[in-house]
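Shown here is one chain on its own, the form predicted on its own, set out as structure tokens.
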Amino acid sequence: MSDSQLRVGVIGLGVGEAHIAGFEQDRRCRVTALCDIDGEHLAAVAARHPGKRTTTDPEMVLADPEIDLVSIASYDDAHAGQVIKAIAAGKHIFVEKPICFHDAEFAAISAALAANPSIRLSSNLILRRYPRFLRLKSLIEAGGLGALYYLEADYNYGRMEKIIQGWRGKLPFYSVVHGGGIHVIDLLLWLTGARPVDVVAMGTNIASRATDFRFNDTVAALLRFDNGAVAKVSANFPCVYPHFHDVTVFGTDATWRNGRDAARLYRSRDPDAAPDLLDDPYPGSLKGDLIPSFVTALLDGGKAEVECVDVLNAMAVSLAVERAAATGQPQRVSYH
């Protein structure tokens, strides 16, 4: 970094356009380069953000010595290669989930990061910023639910068109777990402070079978954590239901359940006892809201809201879920 300035290049200007404002909240950080493989789209975004260099070639950003940090929001199958090249070029990385699709890619990224410990990496695991889940995290840490023993987290996407009409369905491989379910996987790791050790999972493509989409459109998994708690997670892309994170946390003293209008905190088994309504905003967060803490951590030291170990742990679990669904066999989670 030059004169305590952090210079950023953004690759992929779909959700990546929302990254720009996140970086430039800190006056010490400047987005200097924009990249998208679609030249027409690149020109449209550049017109909204003048004064930045543009290119349709991601390699130009990854190799640019005047860029300190690369923000990767390209198509999911490009993430792993671009992350590895950014590490090799000595650049910090903010990457959209998932960081990879396959175990071999995960091993390569983990090895590259271990060999370059000065490189910092974060990812847009944005559920951690939702005010309702922040309140839940505080409640858990204060002991308000007692000991957690069972959790459910369903990523109900409700956007089938994204896999049957968009770029996802055109990739050589696509995983609804890596592309969506990883959000609720990370949420459970963050809420519990524990790590899953064993996974069983099943998938189906009934809802999209008559389309050109070739992969599971829905996957459900059971996780066993290292502290003995268990959880169910799912990624349900074609559901006839609005986009929603259906989360329930069962503790020995209370149960918390998300709802579309409010969360409910049940403190009694009595069916006549009314739950507490917790109406903290949901979602209440923007796509770039995790970026400022990463910028501050880079420039001033300290921890970001999402650290590299968090990204790797969530990816390790997601990969185990995908393996379990593909093989029909229980899988151990391989952390690096």
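All of these numbers come straight from a predicted model, not from anything done at the bench. All residue numbers are counted from 1 along the displayed sequence.
There is another form of the same protein, the form predicted in complex with a small molecule; it is not shown, and what comes next is about it.
The stretch in contact with the small molecule in the predicted bound form, judged by heavy atoms within 4.5 Å, is 38 to 46, chosen from 306 to 314, 38 to 46, 293 to 301, 263 to 271.
In the predicted bound form, no heavy atom of Arg30 sits within 4.5 Å of the small molecule. For Arg195, no non-hydrogen atom is located within 4.5 Å of the small molecule in the predicted bound form, even though that partner is not displayed. Residue contact check for Arg257: none of its heavy atoms lie within 4.5 Å of the small molecule in the predicted bound form.
Looking at Gly9, you'd find every heavy atom of it more than 4.5 angstroms from the small molecule in the predicted bound form. Checked against the small molecule in the predicted bound form, the residues Asn156, Ser175, Thr218, Gln82 give one hit for a heavy atom within 4.5 Å, which is Gln82.
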